[in-house]
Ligand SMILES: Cc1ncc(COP(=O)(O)O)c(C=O)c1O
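Presented below, as structure tokens, is a lone chain in the form predicted on its own.
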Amino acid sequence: MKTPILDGLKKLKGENSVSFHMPGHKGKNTLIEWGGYIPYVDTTEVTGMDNLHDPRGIIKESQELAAKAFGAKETIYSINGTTGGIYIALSAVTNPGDKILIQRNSHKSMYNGAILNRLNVEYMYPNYNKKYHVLTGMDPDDIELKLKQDEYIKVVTIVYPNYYGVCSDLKRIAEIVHKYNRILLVDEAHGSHFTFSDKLPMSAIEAGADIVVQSTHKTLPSFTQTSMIHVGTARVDIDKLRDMSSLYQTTSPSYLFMASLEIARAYMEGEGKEKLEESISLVEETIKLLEKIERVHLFTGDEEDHTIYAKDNTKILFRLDGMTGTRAKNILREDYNIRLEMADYYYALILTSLMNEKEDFEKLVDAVESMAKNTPYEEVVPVSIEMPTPKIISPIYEAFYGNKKVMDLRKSIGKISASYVIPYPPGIPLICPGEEITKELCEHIWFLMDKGIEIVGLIGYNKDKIEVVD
């Protein structure tokens, strides 16, 4: 019997790696003894089990408890992850043909949501901090200018925090968006833990967002693919939101996933809150120890960068002199059995959660110190990783659904892309359907691939081809 996926999972389990990546439970079977429940409670909508698409019993009560815990007017479980949650939330606050303002370093799901709902898009770009080579926050004044100039923008979408833990001034952004009678949708995939500690940035709901989607599985101890949609204001049509939830979610929702969401919420209202405080202290201590290591540099913020309103330092972003971020990530995995969340040209990202133990952090510090002492320097040519700003030629949905052809990337300059090109992680498109392929973009793609960064969306064995509009 061939079981390649199961075999791979067995191998991963046997490695017993230190996890500084998703999911937030870190592979620890600590909240309940799941082995005593799986597969016995993998059920369907039998009597007494309620129905996610028409909740009147235990699911309704569970979602109400989640809304109370997160400070929302209403909460809906998304067992299709935050990707599904984004589709649901976006369709609930728009109609086909509407225009939305997207933060350009949004996850692919936001762009897919625009395609599925046939929305027109306008982009706003985050600040590029040249001193630290990091994409930081959004300038609220830039958003206000966009809204002043374009009365047709109906919804503003913000990523809060971004992949590196940088938080824009969301409270001010919410005030601006509401001043112009628009709707604020927040992708808070990496911030579900904010609600449970005053030492962390304020939550998007607290900041005034109208609708928020959280990846509970990223920073809290729930299963991969479990997320929540929170309604923050009366600007959101709850009935339409429920309809869209039923449209996009499977008719066979996993009770294991829903139970996982509920257990994570219940844990965070009790023991988990104290555990989070302990974890934050461990992170702070770890940052101090890493900063003392020669060659190591951490990005914990920049007082001169006015787009950084707050920084979630449970996401530790570090780099080493004479080493790319991708190389540092690979060395930690191959030589020290420590798996990080992601890496780019400069930095590697340590994604912590309250489920990481003191021993995990100790192993991390020892490994980074050893790597810094023993790994030879290599030339890291200073380059800008500022996001390209492609020109929109046609609506994103027209290019995606239209006629396409495949051609060599080198010969595609000047053509209109019919697909995404995305470094993964973090899943942020360099180019989207409907945008012009430029020489600058191609050179940036080749540079990233040369540095070992995985690119999704290109075609062919050597990833040297791309789909363009025919």
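Residue positions are given as counts along the sequence shown, with the first one as 1. All values derive from a computational prediction rather than experimental measurement.
Here the subject shifts to the form predicted together with this ligand, a form of this protein not shown in this document.
In the model of the complex, this ligand lies farther than 4.5 Å from every heavy atom of A89.
Within this chain, V212 is remote from the site of this ligand in the model of the complex, having no heavy atom within 4.5 Å. Shown alone here, T82 lies within 4.5 Å of this ligand in the model of the complex, counting heavy atoms only. Contact check for L184: no non-hydrogen atom falls within 4.5 Å of this ligand in the model of the complex.
Interface residue among R265, R319, K315, H190 relative to this ligand in the model of the complex, by the heavy atom within 4.5 Å criterion: H190. The partner is absent here; in the model of the complex, the one residue of S109, N129, T94, S197 having a heavy atom within 4.5 Å of this ligand is S109.
Residue heavy atoms within 4.5 Å of this ligand in the model of the complex occur in exactly one stretch of 326-334, 355-363, 255-263, 212-220, and that stretch is 212-220.
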